[in-house]
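Quick setup: one chain, the form predicted alone, written in structure tokens, and binding and motion questions come after.
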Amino acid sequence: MLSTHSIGIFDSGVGGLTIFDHILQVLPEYNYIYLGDNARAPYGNHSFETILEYSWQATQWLFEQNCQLIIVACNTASAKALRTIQQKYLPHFYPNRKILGIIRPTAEVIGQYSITQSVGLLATQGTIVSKSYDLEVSKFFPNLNLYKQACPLLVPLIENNDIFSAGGIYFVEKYVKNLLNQSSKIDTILLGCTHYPIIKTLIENIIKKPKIKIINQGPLVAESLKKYLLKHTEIENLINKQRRVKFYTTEDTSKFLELSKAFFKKNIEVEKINLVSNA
């Protein structure tokens, strides 16, 4: 375990590595701990109560490893658990720590990419049902039309290395076409799940319309975190700058390493841990 103060990155699986990869490119100097709850992934089809329980367990574990700030690199957990953790749990258990999601930093800028103000969202069932993107996007771009498509099978297919099989491609095509059929004005598609960037090229080939932009959250979240740390020096000053990075999973480490190759550009080492709640 790292004994120094770090930034924690949490996801239900390996998808959050697509966020972490961009964070490391923009902010390589800090210490980081990445936690993937692969044993219980995907979160997208679970109930609110279950997602909150799992997310809180991961949050506690990362704080126990001296993380001063946690980035929830999971859209489903950001949509269904983040607000409760921020408003109810942190003030009581960890009043001097911070936890941030990835939906708000995405919503703050997504309207800038669309000329027609018509954006399509591909996401998990949990993220779509939560309506978190509707709420956040409307705050910054009240005139933007957000068209949504739930993709319940994509994360399981990706995590099982079946996404580029005939069956996997069939479902990607189905979800993308269902989304585009909602409006001919859609000129931007947001990948609202951290697993989806690895199928960005596949989606582009299905659409065959170069004028439709496919937006990956990673660069948006990384720039938002950079601005946050510049603004909140009381947090930034507590985080060690030794470029130490550690990875943990709740699943078999060999499976995590195999899956991580598609999501992360660097060779990594990972340890297995078990998550339990202390609350």
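When you see a residue number, it is the position in the sequence shown, counting from 1. Predicted model, so just to flag it, every value in this text is computed and none were measured.
The form predicted in complex with a small molecule is left out here; the points below concern that form.
Here is the short version: of 85, 137, 163, 193, the single residue with a heavy atom within 4.5 Å of the small molecule in the model of the complex is 193. The partner is absent here; in the model of the complex, the one residue of 248, 61, 43, 32 having a heavy atom within 4.5 Å of the small molecule is 43. Although the partner is absent from the chain shown here, none of 55, 81 and 100 has a heavy atom within 4.5 Å of the small molecule in the model of the complex. In short, of 170-178, 202-210, 123-131, 85-93 it is 123-131 that has heavy atoms within 4.5 Å of the small molecule in the model of the complex. In the model of the complex, the small molecule lies farther than 4.5 Å from every heavy atom of residue 107. Although the partner is absent from this view, residue 153 stays clear of the small molecule in the model of the complex, with no non-hydrogen atom inside 4.5 angstroms.
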